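Encoded as structure tokens, the following chain is the form predicted alone, with no partner shown.
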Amino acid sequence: MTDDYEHYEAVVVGAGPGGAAAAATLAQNGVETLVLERGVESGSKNVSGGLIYAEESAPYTIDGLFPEFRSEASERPVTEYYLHNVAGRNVKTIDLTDLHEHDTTWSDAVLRRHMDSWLEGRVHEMTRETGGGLLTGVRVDGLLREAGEIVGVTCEELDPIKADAIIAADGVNSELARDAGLMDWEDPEEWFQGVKAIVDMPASAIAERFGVDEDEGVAHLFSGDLFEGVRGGGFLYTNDDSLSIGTVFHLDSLVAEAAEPHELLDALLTHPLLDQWLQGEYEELEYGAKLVPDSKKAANPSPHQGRLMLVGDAAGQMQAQGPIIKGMNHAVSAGALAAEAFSEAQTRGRPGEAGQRYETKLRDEGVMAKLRPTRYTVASAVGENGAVASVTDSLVDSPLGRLGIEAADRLGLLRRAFNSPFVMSVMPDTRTPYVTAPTAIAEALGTPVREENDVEPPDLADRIGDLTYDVGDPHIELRDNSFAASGAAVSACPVSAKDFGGGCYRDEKVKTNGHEEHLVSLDTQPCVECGTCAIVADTEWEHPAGGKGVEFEQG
């Protein structure tokens, strides 16, 4: 390599909340910082549920770094939080507001395109003052090394760039994390898949149908028998003038049940319970999907190597606390702590110590304890044991289990359990809490929904057709196109389906010399870049070139 490459004190890859927090903190400490974002605009590649939290115990919050954030970049504050346990038409609703408000200063619904693009403007202004800036449409595709040591990044559109610190905030599909060997895509049990529809609804209709004022919002969660036995659930969040309605499922369960994500989303959208809010009106603005790490299993406790530090989804930092999902707030804390670690190390003349300082800060500030709680590790060893899980599931689904549920409800124990941070943090990743228990609760305690829901969501072809793409070269290659190796992608990919020829993955049977082969074909044009197929199929997966591929207008 040559010394002629451009050099910055710090390079931040990705301009989402984690990258923005890192860049802002670096700039505030006078560090020359260049931010590289592969989307045409920050947020154009991002999808989130999504709620962003400001925790009382967090070392950093997004509004602490960007004081105008809530008035300029977020949607409605979430002031009420409910869980609906569903069995057919029977529904038992439990108020989870106490759990939602635990350790919470505030929580707002967000749409990533609006939020991230606003952050982009602030970050660009701040980093320019220290000699850097922010560039969009640049795909960082690897790490630059000299004599085996990381010294910078390589880019598809630019010459390599050297830096004293590299903060990778490039998301769940981080190519830098994989290049460094700090994250892998080997185990579906470590991941969730989220799928979401943005539904148009005027602010006046939201106020009337949800019973909220303009400075209030509601979160509704759904679990039970409406998702074909897949472990996970659904959500509905109120934005300023739209709804975010989606589903989140354990990827291994999605594959095991051969369930199709778009159909599970439609099962929620068309359930009679939602008629009280949709009232026969449905205009879908955007369909999107993303992969989500389960921090209990995927969060890297030592997310650094040499000059590289990982933050946010790139480091597996997404906390699933029972029904509550927190990711963006941890990305903010991690990004700022990584920046703080480098600034301190640089001031002491030992920039090579930044990574270890970052790891220590994650531990000392309590971030890692939230992401990988010891009590879950201990409890899961018992609760997720196959024999124990089977017995538990059978008991909950028995007449004795129903009696226990009714008694717990009479004594107020059911609501207390659902609102207990401790109970939620040790909840096992089994069928019981996601499917069996909610169904049993609804059957024992639920009230029938009398309304009919006659909305008709778009089919998958229309959803794909409504997305914006700038198609470049294929960015995914099938290494093994046999159905045995890669067939799971036909159903698990959110823009594919069995007997659907317009998606990414297609199921084919080919006869050659009298022998029939069961194969999978791939077309990357409709890809939403979620990364699902990188885990469930035998692929060589990378991002499209900067500015190419899907462009989300809502996120």
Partner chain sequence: MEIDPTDHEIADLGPKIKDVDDADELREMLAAEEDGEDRAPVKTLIEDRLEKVAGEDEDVDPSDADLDDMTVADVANMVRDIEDIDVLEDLLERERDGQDRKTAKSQIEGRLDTLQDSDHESEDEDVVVEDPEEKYPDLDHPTADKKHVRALEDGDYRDMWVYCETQQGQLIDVSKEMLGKARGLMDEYNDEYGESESVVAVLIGDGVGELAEECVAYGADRVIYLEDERLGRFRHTPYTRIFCDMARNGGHPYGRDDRQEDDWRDYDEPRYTVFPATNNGRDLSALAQAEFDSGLASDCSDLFIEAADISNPAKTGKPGETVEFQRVLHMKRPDFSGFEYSTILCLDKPGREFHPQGASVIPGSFDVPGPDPEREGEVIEHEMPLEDDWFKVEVTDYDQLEGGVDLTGNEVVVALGRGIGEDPTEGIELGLDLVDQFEAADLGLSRGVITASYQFAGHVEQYVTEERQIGESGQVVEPDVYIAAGISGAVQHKVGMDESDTIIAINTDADADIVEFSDYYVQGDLFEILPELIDSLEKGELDIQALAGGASDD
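Source: prediction; values computed, not measured. Numbering follows the first chain given and starts at 1.
Omitted here: the form predicted together with the partner chain. The next part is about that form.
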{"item": "Residue stretch of 316-324, 221-229, 459-467, 191-199 approaching the partner chain in the model of the complex, non-hydrogen atom distance within 4.5 Å", "value": "459-467"}
{"item": "The partner chain contact at residue 522 in the model of the complex, heavy atom, 4.5 Å", "value": "yes"}
{"item": "4.5 angstroms heavy atom contact with the partner chain in the model of the complex for residue 6", "value": "yes"}
{"item": "Interface membership of residue 64, the partner chain in the model of the complex, 4.5 Å heavy atom rule", "value": "no"}
{"item": "Close approach of residue 41 to the partner chain in the model of the complex, 4.5 Å, heavy atom", "value": "no"}
{"item": "Contacting member of 128, 479, 89, 102, with respect to the partner chain in the model of the complex [4.5 Å, heavy atom]", "value": "128"}
{"item": "Sequence-ordered residues of 211-247 touching the partner chain in the model of the complex, heavy atom within 4.5 Å", "value": "none"}
